[in-house]
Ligand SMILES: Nc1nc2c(c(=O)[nH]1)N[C@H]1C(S)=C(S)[C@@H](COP(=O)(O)O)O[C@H]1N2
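Consider the single chain below, provided in structure tokens and representing the form predicted on its own.
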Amino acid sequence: MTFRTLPSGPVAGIAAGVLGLGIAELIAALAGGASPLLALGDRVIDLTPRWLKEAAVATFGTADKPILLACVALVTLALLGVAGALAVRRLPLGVGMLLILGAVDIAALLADRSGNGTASPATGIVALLIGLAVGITSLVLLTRRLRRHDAATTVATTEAEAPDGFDRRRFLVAASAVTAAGVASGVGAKVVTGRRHPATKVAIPATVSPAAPLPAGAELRIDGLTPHLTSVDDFYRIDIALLTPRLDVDDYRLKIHGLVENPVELTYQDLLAMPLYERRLTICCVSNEVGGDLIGNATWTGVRIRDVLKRAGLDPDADAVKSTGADGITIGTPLEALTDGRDSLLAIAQNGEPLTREHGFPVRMVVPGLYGYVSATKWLTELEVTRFADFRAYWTDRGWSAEGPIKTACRIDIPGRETMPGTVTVAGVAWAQHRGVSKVEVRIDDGPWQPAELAAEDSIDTWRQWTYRWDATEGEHQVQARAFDRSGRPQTDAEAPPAPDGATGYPARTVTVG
């Protein structure tokens, strides 16, 4: 089926809907309102069952959000096509369908958490109503001649079956023009948003405590082995933001309140004026499957969180900090992990450069030893000192544990699924953040566990590379690995999914030698 032979009713519905939504997006962008499409996508994320979210992250990784948006767009187009088909049969039904779709989007805007720092849901609703009016008008005009056909007759699909006076070529030209105008409006909205929030250049002051030099032997430099330091471009990103929040440093405010003696509000410049610390820290997503890559090690620069909390003065009854990001996320972190002397930071730079927008600019949290869902708030705007008993955070509301210490684990990077007989290098990384890795062992098939060689330790808060020399013989073999923390406790072999507090089990790889 080609575009020329598509049923005319659905084509009219899709064209009218695309124009209406494009106009709504453009008006929202020009007026600083929340995006109707992104608000709907955010609401879909909020309502998606936990098992489906885990499956999406496991399957698509950091591409989960673009795929989600594509799915929302496809479902929307299908429903618009239905609205067009209904409009040909009975116009009120088609218009009613568009009104229902508009009402769903308005509900999403009322619950909007995409925020983007300054975007107004109310303005987004006004923009949507204007776009809805444009869409309904376009639907009426595009289906006018089609509706003259007998209501009982099947919607025309070829020129020979078209109602009297219906010029299919002219209709397709009109529908194409309407669709193109809608797409152009959507592109214009994206351009306007980008120009309103251009990339911000900031200079990071010198630190009072730079990161220690990397110990000799901490970087093994083996082909295929994960580097000790992860580049910003390769660093994983898992969050709930469909649109990366765009915060301006001149308007930035960090509010510290709750169970404190003196509530504090800090600007970005206030944070830059405080003592800055630089540390290499490994952080990990709780959605990381056994042997997965949702983990990275970077050099972070920022203010110690305990210094900020000290300014506010802590109530002795507090045991948690609820942090909020500009994307609407709320995260609960044990107060102890922010004040016990570990290098918990309000990070403003990653690998020596200001944070990118994708990784939390202008300020994000980095806490050694805790999974990101309880510690790594990006686009940070608020710290509320509180008690775990008095609040629930975004992920705990969805069944995840309130506290998430990172579990001892490791990953096999090489060899691949096939290799040649002889001496083969087995290598990977191991982590037990804030406890440290003491050893890694490797097992081939059902043989005994053999010690791997560890790279030099950078710190107990970073991962360690490891390597093992295997005399590989022809055939199919299973390679397994396990890590131990400094207390001598090994990672567990009990297999468990990421929910509710992190995946467990031994990483394994089947290798064909020959």
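Sequential numbering from 1, following the sequence displayed. Model, not experiment: these values are computed from the prediction.
The discussion below concerns the form predicted together with the ligand, not included here.
- Only one of 434-442, 185-193, 89-97, 321-329 places residue heavy atoms within 4.5 angstroms of the ligand in the predicted complex, namely 321-329.
- Checked against the ligand in the predicted complex, the candidates Ile283, Val429, Ala108, Leu247 yield a single residue with a heavy atom inside 4.5 Å, and that residue is Ile283.
- Proximity to the ligand in the predicted complex, taken as a non-hydrogen atom within 4.5 angstroms, holds for one residue of Leu80, Ala376, Leu142, Ile305, which is Ala376.
- Among heavy atoms of Tyr252, none comes within 4.5 Å of the ligand in the predicted complex.
- Put simply, Ile240 is close to the ligand in the predicted complex: some heavy atom of it is within 4.5 Å.
- Contact annotation: Tyr268 falls outside 4.5 Å of the ligand in the predicted complex, judged by heavy atom distances.
- The closest heavy atom approach of Gly131 to the ligand in the predicted complex falls outside 4.5 Å.
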